[in-house]
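One chain comes next, on its own, written out as structure tokens in the form predicted alone.
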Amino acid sequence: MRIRLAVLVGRAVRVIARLRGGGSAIPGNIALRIAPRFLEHALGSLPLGVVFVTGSNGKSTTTHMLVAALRAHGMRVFTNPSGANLPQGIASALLATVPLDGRVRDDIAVLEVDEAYGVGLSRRLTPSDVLLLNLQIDQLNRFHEPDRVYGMLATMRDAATRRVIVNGADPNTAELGRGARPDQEVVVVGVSEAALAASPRGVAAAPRATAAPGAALPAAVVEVLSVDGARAELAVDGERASLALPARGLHYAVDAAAAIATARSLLGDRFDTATATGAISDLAPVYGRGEVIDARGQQVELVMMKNPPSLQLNLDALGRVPQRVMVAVDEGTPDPSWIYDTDLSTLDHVDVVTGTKAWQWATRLAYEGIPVGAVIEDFDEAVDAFLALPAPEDGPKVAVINYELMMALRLRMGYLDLEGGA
């Protein structure tokens, strides 16, 4: 009875939230208050189990890729929209599809899971498979230091009943793979030495005080061989495969390799490399992550920063010095002091700096000797000024932007869908 009530009330709230513009985690929050075990009830009896996708960066993109690859093979997949990686977000996504009995009818669930909340979710949902993408320097105000996050990832690894998939090029996730139980299959994603050498920061793994070498991992089943802009060459079980990436950079190629390795493991003999790579090649960038939006008839590329590596790797992957640049950062990045460790050599100027952290950024750019055209704290005014500048000749305008202002910019340009708004 509680489950049925949770679905009915949650759906009603969901309709109201969408009428007000976009989605919300509020419907899921209400459903969980009515039926605290709503998630366990909905996802507890799927034929092929529940897959967690987690790590410091790349969760949304990899989940998107993995779901596409599985669906291209005919598998019925439940997933949470990008960014809806907390319990209430997953519950909101469930409300969009479950019948009144509250049970998912799909073959498998693939869930993007926040590192911190994944600890509790792993106890509630008992994942069959856990994909550990990376461990990188993350939001210092939230996660403090990498060893703390390592413990979170280890807890999720230990909860996997069937399989652990790890990025063998990241020494932290490689160590997590070496620490798996004997009854857990360990699947490894690799990156060739040539691909690592061609990336200025490699895979940007976080240094850890307690890291220690261990036994060798199994051989990689999927390896990134090379990356050229938004194309990658992989080896899948030793056979070469080429695919298009949703955006430029080695980090996107690693996401694709991880998705393919996981799909291969889940599908077994049904897996076909061409089907998986074709499905991933057809994908558009996930919400705000390398996305190019139409802004009043102009193209603007969103270079998003959620933490130091996401900014650095995306700047490294630009492949050009952009002619028109806006930097936009607000209180969603409470402590931007880490920008002093960021290599900004991709930029030779910034046209507009905006947001409540505008002067912190302007100061950092001044120390680097990078000229700034204008500091405009009001975001709407700054966007108008940026779009009024002549269009560049070499590609889109570039907005180096934090997560919260990325969402605000998309909304201001008429993109009314909110991330995680199932």
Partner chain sequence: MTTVRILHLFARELGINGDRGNVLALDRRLTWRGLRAQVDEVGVGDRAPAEPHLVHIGSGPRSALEAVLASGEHGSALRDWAAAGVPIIGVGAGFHLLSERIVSADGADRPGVGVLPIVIRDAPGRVVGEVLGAATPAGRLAGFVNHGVEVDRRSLAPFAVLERGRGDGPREEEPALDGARSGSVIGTHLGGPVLPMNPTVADELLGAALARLGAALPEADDRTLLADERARQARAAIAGRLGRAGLAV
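What you see is a predicted model; the values in this text were computed from it and never measured. For the two forms, the rigid core is made up of the largest set of C-alpha atoms that agree within 1.5 Å on superposition. Residue numbers count along the first chain shown, from 1.
From this point on, the text means the form predicted in complex with its partner chain, which you will not see here.
Residue-level contacts in the predicted bound form: of P218, G120, G319, P334, one residue has a heavy atom within 4.5 Å of its partner chain, and it is P334. In summary, among the residues M156, I260, V227, I137, the only one with a non-hydrogen atom within 4.5 Å of its partner chain in the predicted bound form is I137. Contact with its partner chain in the predicted bound form, defined as any heavy atom within 4.5 Å, is confined among 335 to 343, 276 to 284, 218 to 226, 249 to 257 to 335 to 343.
Though the partner is left out of this view, R240 does not reach within 4.5 Å of its partner chain in the predicted bound form, counting heavy atoms only. Although the partner is absent here, R364 is a contact residue: one of its heavy atoms lies within 4.5 angstroms of its partner chain in the predicted bound form. When its partner chain is considered in the predicted bound form, E377 lines it closely, a heavy atom lying within 4.5 Å. Although the partner is absent here, P87 is not a contact residue: none of its heavy atoms lies within 4.5 angstroms of its partner chain in the predicted bound form. For K357, a C-alpha deviation of 2 angstroms or more is recorded between this form and the one not shown after rigid-core alignment. A displacement of less than 2 angstroms separates the C-alpha positions of P36 between this form and the one not shown, with the rigid core held in common.
Core-superposed comparison between this form and the one not shown: CA of V375 displaced by 2 Å or more.
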